[in-house]
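Consider the single chain below, provided in structure tokens and representing the form predicted alone.
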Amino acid sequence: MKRFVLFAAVLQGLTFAGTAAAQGAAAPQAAPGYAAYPCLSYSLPCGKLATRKPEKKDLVGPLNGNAAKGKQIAQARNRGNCLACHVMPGGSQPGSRGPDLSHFSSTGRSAAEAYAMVWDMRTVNPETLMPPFGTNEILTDQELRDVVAFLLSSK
């Protein structure tokens, strides 16, 4: 008999909660859709803006990037976060989804090619998972130049 009384009390509580929601109490909201965002986090720069259409941008003028700053940006989990997908020189706990970038300079790519790829890889490979760092304003032009300088310095 005690179990029945306890069960009835639980049911009454559920009914009460349902009635409160029906009377105008805030109902739980559906989770937001993340399909339009280049990453699944609103706390990272890549999660603050919806993905824009692919945009090709050429490197204008000399690269003038700082490889040391580029390394910091590329390896910072709250900035470039390149380590989430790539193996990079001096990086810890790299991902394996993207290509190994530890010897990027030996690929023969120019600074202009590398800049265009980091700006928006979708112009080179429409199926890429790489966030459009320049198009989506995740990194500034100078930060992109610094990251490219770091990539070109990796031997």
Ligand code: HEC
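Computed from a prediction, not measured in an experiment: that's the story for all the values here. Residue positions are given as counts along the sequence shown, with the first one as 1.
As for the form predicted together with the ligand, it is not shown, yet the points below apply to it.
Have a look at R97, K53, H103, K56 for me and say which one sits with a heavy atom within 4.5 Å of the ligand in the predicted complex.
The option sitting close enough to the partner is R97.
Flag this candidate site as yes only if A68, V87 and A149 all have a heavy atom within 4.5 Å of the ligand in the predicted complex; otherwise mark no.
No, the candidate spot makes no contact with the ligand.
Classify L129 as contacting or not contacting the ligand in the predicted complex by the rule of any non-hydrogen atom within 4.5 angstroms, answering yes or no.
Close contact exists here: in the predicted complex, L129 approaches the ligand to within 4.5 Å, heavy atoms only.
Quick one: is N64 in contact with the ligand in the predicted complex, heavy atoms, 4.5 Å cut-off?
So N64 does not count as contacting the ligand.
Mark A111 yes when one of its heavy atoms lies within 4.5 Å of a heavy atom of the ligand in the predicted complex, and no otherwise.
Looking in the predicted complex, residue contacts with the ligand do not include A111, since no heavy atom lies within 4.5 Å.
Sequence order please: the residues of 108-124 with a heavy atom within 4.5 Å of the ligand in the predicted complex.
R109, M117, V118, M121 sit within 4.5 Å of the partner.
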